[in-house]
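Consider the single chain below, provided in structure tokens and representing the form predicted on its own.
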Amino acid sequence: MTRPDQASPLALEMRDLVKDFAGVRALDHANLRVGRGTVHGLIGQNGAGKSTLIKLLAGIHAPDAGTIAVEGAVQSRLTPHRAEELGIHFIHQDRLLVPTFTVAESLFLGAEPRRFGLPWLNGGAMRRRAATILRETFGVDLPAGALVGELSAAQQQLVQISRALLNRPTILVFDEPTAALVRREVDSLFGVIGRLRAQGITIVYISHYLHEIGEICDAVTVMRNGADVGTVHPRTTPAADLVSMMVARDIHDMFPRRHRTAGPPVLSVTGLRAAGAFENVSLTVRRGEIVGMTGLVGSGAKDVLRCLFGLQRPDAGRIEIEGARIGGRSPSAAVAGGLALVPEDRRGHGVALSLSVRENTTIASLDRFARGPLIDRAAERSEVDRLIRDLAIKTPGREAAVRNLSGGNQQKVVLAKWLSRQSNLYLLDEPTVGVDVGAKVEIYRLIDELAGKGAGILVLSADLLELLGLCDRILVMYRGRIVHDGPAAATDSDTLLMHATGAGAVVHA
């Protein structure tokens, strides 16, 4: 049978690549063969070698051994400039845009239209062309004069993608392009990718979302421990097999085996309302219970979580933690009441990237280590080392800057911060978004252990399979109301989606 990477002439061939960093092997004879005019997926856990492979293609690093050929021509020395000359462009997960530039300035940076061939910029033409490009590409109307820093994460991503397309690439590499996009924007992006493929442009698509790989990719290469372990047809290869290739374990082992008995309520919410967001929300989370919550964008689910932690003020209702009403309705009052929030945007709101693992871990619990006006550093270091060990955080040491860790390990540091605080109730907002399958397994284990120790867990997630595998009970919100509240074991993803879209009957909590 023809392998998917042999079905068409190769636009890109990376063969037997080896790369070491300070004695640590990042790539171990890795290969990537991408057919011309195809969409080729690249998947693997964080640390599997995907990023290193792409950095070699971008000319950021040089391989220690192996070859890189573009359209059949071996490139003896790739540099970022040479990669652009070859038509290789990149859409990075971290949006590389200047926040004080306008949308139009960001799109045309380095290629600004001029007035009559003179040095002066033609701002009007630039804004008009920017608005037209965004409308025709994504069907959105972004003010071309708006500052990038004022845009949402999704809007910034659209600007970055549009900027890359202006360079007329022959090979376009997407690195987690949908992490900040809602479903409508994802559909628009997939439409763009389909048109680019029809035009003969070659796409390398990196994603942790296996359903995306199956939806748009013609082939997918799986990496593990610095090497490629196989290239397969994603539409005919079950997701369970892809997961097994990535983590060398069966997908059924992803979720912990639960043997818990729920205790008394740790969270009781009655008649909570926030005008324009949700109304009459009542729910309970018990000690030792993992409760899932889901809903489409605009359902009000995220607003409920924000109100519980004091980030958003409700107009009415009552919030009680172990029978005591939370006073003040502020984050500090929530923390004092035993709540912990692990936010979706871990880089923006969960960790301080420039601080160390130690500083991030104990920043919310320094009072535990206070000895009068001083901090017991020995006790602090002991606690941090314990959490690094228990959470399997991959870091050079407790003093390493968090910005240098992978996304999954940054998420573990956020969890460590609240574990150090020893909270009673954990609010987890998309706890595994943007992390690889291996890191998800570790996070699921940690969540289960927290519940096993008697904490209450409320998980907000758009991943229905995640909720079904992890949670004891699942709530579904639709247009500001809870329309389903039932045991996870008694439902399935189709039923949950039916309720989320308003097709199900209302079930009162």
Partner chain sequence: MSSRYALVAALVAVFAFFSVATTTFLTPGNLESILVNNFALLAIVSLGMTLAIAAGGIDLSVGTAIDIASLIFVSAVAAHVAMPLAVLGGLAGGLLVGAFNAGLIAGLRITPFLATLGTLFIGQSVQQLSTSGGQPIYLITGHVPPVFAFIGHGTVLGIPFAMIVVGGCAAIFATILGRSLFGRRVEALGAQPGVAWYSGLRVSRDTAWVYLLGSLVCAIAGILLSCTVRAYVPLSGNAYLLNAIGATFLGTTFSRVGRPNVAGTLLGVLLLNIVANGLLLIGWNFYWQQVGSGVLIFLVLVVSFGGGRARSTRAA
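Not measured: the values here are computed from a predicted model. Residue numbers count along the first chain shown, from 1.
Keep in mind that the form predicted together with its partner chain is missing from the display, and what follows is about it.
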Partner proximity in the predicted complex: Val186 to its partner chain, non-hydrogen atom cutoff 4.5 Å: no
Its partner chain contact at Asp367 in the predicted complex, heavy atom, 4.5 Å: yes
Close approach of Gly397 to its partner chain in the predicted complex, 4.5 Å, heavy atom: no
Contact flag, Ala316 vs its partner chain in the predicted complex, heavy atom cut 4.5 Å: no
Segment assignment from 70-78, 389-397, 331-339, 187-195: heavy atom within 4.5 Å of its partner chain in the predicted complex: 331-339
Contact test, all of Pro343, His349 and Ser354, partner its partner chain in the predicted complex, heavy atom 4.5 Å: yes
Of Asp175, Glu380, Asp218, Glu289, the one that lies within 4.5 Å of its partner chain in the predicted complex (heavy atoms): Glu380
Residues of 372-389 having any heavy atom within 4.5 Å of its partner chain in the predicted complex, listed in sequence order: Gly372, Pro373, Leu374, Ile375, Arg377, Glu380
Inter-Cα distance between His61 and Gly407 in the predicted complex, nearer or further [3 Å or more]: closer
